[in-house]
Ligand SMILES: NC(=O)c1ccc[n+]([C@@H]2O[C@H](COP(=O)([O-])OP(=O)(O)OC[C@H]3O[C@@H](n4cnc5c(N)ncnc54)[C@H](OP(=O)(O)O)[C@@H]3O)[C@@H](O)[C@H]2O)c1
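Below, in structure tokens: the form predicted on its own, a single chain.
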């Protein structure tokens, strides 16, 4: 497993993070048993993954808490998130944090994130909720403060474009980025200047693992005028990735494309299948794609913002 300095947090983290949300929720979405999901987490730990991302809304914090019992707490970096929608206040934030601490079987959380912040909600959360995050950090209940975007809807990163130039308050940012939507590159330039740590989501979702979804996403980009149809063969839009590199699959190429993007620290990968997990670990520990191929992908998708890859 390769490791990297996690921005200004100075944590040493694995380049792959186990994502416990997404379509799989470490097997919960496929009706895996609790024991099977716990084993997935333990398999990741055994393979050298020391970064894990979850949220109270994923209902997977308890699996992580059980898996942590067999490893030292100081060996794993835990990132979890609080949902601010509905009734929310500084007091509710404290209650939610205590719930996460209990489920995770720990007395502190490394990175505590505001989850999926809508651009319209950002200013109020910064003014009314962020001070409590800072108090919790001072109390030792959290170590670093993070924010995550709603990339499912906010495919042009409007929340981060609004917040980052004005506020240097986030130690960690979670953003969406992949071959089909590379629009976060402007955000990554700014986070590099400030040494903000990045955990990256959506590196591979359905569009990069299911051929029919890929064609659907490509067609959306063409319809939106964000992609030149002459640049791709619609029967096999990304087949050139395998011809022009040593990539073993589109998924392998997609993970490696994201891992070596300047400014990216941790690439999240979620699964409920041990073999799939191992395959993703291997991809994220392989070398970069050829420079010429990366430049080709940048050129083809330079205007793409209308899809998120799901």
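Numbering follows the first chain given and starts at 1. Keep in mind that what you see is a predicted model, and the values were worked out from it rather than measured.
Below, we refer to the form predicted together with the named molecule, which is not included among the displayed structures.
- Highlighted residues 7, 173 and 256: none comes within 4.5 Å of the named molecule in the model of the complex, counting any heavy atom.
- Listed stretches are 235-243, 67-75, 164-172, 205-213; the contact stretch with the named molecule in the model of the complex is 205-213, by a heavy atom cutoff of 4.5 Å.
- Checked against the named molecule in the model of the complex, the residues 180, 184, 201, 160 give one hit for a heavy atom within 4.5 Å, which is 201.
- When the named molecule is considered in the model of the complex, residue 248 lies well away from it, no heavy atom lying within 4.5 Å.
- In the model of the complex, none of the heavy atoms of residue 288 sits within 4.5 Å of a heavy atom of the named molecule.
- Taking the partner from the other structure, the named molecule in the model of the complex has a heavy atom within 4.5 Å of a heavy atom of residue 148.
- In the model of the complex, at least one heavy atom of residue 268 sits within 4.5 Å of the named molecule.
- Contacts with the named molecule in the model of the complex, taken as any heavy atom within 4.5 Å, map within 264-303 to 268, 269, 270, 271, 272, 273, 276, 279, 280.
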